[in-house]
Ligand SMILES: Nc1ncnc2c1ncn2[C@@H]1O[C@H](COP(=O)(O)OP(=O)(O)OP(=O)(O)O)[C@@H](O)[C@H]1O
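Read the single chain below, which is given as structure tokens and is the form predicted on its own.
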């Protein structure tokens, strides 16, 4: 059984079929790329998986559990975290506080526990604090932990978003264009970090990205969408040489362009 399974997933908006009959699966412990031209339906598919919108056909399952009727909060609690195309940080809060917010999504204590300070709450907060410190070190932001998030550079804010998504200890991390706006060195550093997370922690990552060189070097498997439909799926070598992909997405060239 795949970690994430989509069967015949579709969604229309005002008569336009934004996502049409997508069937695919994401296996545990790998890096999976989701690519396609602008308007292909990639972010809409992310939104369908994470409960921001609901499909009007098909099913989405995570670890065998249907997600279709669950709220975004309940889907996150099952072990799915995501980032967005546009940076969504609490700019007036510190770097550390932003990551703590992400960790509270997976809290295993009640509001009453927090109000009266029960031992379970205190232990959970101590564990989360240690986890946040580790994540800040992982994304190389320990030295900025007390700074307001709004003072970080663009690349640092992207890394902060990644740390916040990881704070909930997800099994599946979904990244929507995490390298957007990064220079070549920053994108390479990000690739190295993502591969390290998969190798050392067993995390599964599904990533939308327009940096084709990054995707083809980084991912174990690639799914290609075009006009709301799945155009191709396979390992990077197979996808980059698929004639339909070349014609629809790569403009007649290969994926290293």
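Predicted model only: the values in this text are computed from it and were never measured. Positions refer to the first chain, counted from 1.
One more form of this protein should be noted, the form predicted in complex with the ligand, which is absent from this view; the next part is about it.
A.B. asks: Here the chain is shown alone; which of 61, 191, 44, 50 has a heavy atom within 4.5 Å of the ligand in the predicted bound form?
C.D. replies: Checked against the cut-off, the match is 44.
A.B. asks: Are any of the heavy atoms in residue 210 no more than 4.5 Å from a heavy atom of the ligand in the predicted bound form?
C.D. replies: Output for residue 210 is yes: heavy atoms within 4.5 Å of the ligand.
A.B. asks: Considering only heavy atoms, tell me if residue 248 and the ligand come within 4.5 Å of each other in the predicted bound form.
C.D. replies: Although the ligand is absent here, residue 248 would stay clear of it in the predicted bound form, with no heavy atoms inside 4.5 Å.
A.B. asks: With a cut-off of 4.5 Å between heavy atoms, is residue 177 one of the residues that contacts the ligand in the predicted bound form?
C.D. replies: Result yes; residue 177 sits at the interface with the ligand in the predicted bound form.
A.B. asks: Would residue 37 count as touching the ligand in the predicted bound form under a 4.5 Å heavy atom rule?
C.D. replies: Yes, residue 37 is a contact residue.
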